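Only one chain is shown below, in structure tokens, and it's the form predicted on its own.
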Amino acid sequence: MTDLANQIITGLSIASILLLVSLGLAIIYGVMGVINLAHGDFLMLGAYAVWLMESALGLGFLPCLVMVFFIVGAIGWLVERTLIRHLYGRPLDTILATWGIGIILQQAIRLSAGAQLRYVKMPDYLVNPLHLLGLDISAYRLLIFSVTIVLVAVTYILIFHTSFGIRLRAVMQNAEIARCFGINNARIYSLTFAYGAGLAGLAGALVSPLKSVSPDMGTNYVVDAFLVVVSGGVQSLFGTVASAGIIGELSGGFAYFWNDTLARALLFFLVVVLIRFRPQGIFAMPLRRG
């Protein structure tokens, strides 16, 4: 039973990180229809922002998290206003543009911060594990899990219980009719892209103490994020949450019985099978895009 409980905790830990990375991507694609290949690089910017604020400014880790969200969100807003907004309805051009933005961001970091690996120090009060219900659980993993729950709750309230959320869902349903009712679609798109980028930056900040920080660190994360979003249904917040949980538990279980490499290969295989027989995802919402 202890091994099973530990395995469930491991799966939840993986799922929380996957959900953090995927949440912003799901919102951007669900609202705007933009396949953002630079999403992983926004994550990378968040990790570098924490490293810079800790090493150069001496700020604590937790205050950095709030600042990272707004810094990377502002960069995302600028990218949308200057480039992405001119490419709506042109998916191939958008894919190429976001891919190019990712390359530019990586090279900018290499030129400014160097290509060597950087490391973010984990706060001392989060290093030691906590003993809960007979299990030793990483305090930092609990922090990630808690932040993920808060962000999902905030996102849910923002989408379903605010006036901005009403306008956002109207744009998701039919952008042209929403415009006829006086909704400023351009403003919705800009704020949505900024929010998604901010979430990606926050995800990068939270994983930075667990992984070495490098210019290309976001590449693997964006692949995993697409797996979660496609599996869950690209316009379903619940689907993204559920898909992250399923993939996290499967990944942890496969890695326990075999190894990480084989676990990743099996997950890709299962996702390919899912896309073959249910391309709209497990929890797809019956929305019509206008």
Partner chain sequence: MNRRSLLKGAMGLGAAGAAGFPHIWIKSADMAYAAGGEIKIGILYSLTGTTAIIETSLNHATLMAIDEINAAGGVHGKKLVPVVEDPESDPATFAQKARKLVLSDRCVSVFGSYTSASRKAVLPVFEKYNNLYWYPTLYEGRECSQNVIYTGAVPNQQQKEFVPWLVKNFGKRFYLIGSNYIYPKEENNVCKILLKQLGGEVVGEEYVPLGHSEFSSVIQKFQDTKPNVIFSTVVGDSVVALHRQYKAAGLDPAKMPMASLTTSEEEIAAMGGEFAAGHFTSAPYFMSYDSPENKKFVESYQKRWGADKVTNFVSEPAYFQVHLFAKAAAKLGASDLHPAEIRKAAWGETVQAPEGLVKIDPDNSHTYLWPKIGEAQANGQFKIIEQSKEWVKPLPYWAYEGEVCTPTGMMEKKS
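What you see is a predicted model; the values in this text were computed from it and never measured. Positions refer to the first chain, counted from 1.
What comes next is about the form predicted in complex with the partner chain, which does not appear here.
- Proximity of V127 to the partner chain in the model of the complex falls within the 4.5 Å heavy atom cutoff.
- In the model of the complex, the partner chain sits within 4.5 Å of a heavy atom of A255.
- For L210, a non-hydrogen atom is located within 4.5 Å of the partner chain in the model of the complex, even though that partner is not displayed.
- Taking the partner from elsewhere, S214 is found to have a heavy atom lying within 4.5 Å of the partner chain in the model of the complex.
- Of the candidates L117, I103, V150, L132, L117 is the one whose heavy atoms come within 4.5 Å of the partner chain in the model of the complex; the others do not.
- Annotated contacts: S22, T82 and S190 are all free of the partner chain in the model of the complex [non-hydrogen atom within 4.5 angstroms].
- Listed stretches are 258-266, 62-70, 237-245, 35-43; the contact stretch with the partner chain in the model of the complex is 258-266, by a heavy atom cutoff of 4.5 Å.
- Along 7-45, these residues reach a heavy atom to within 4.5 Å of the partner chain in the model of the complex: Q7, T10, S13, I14, I17.
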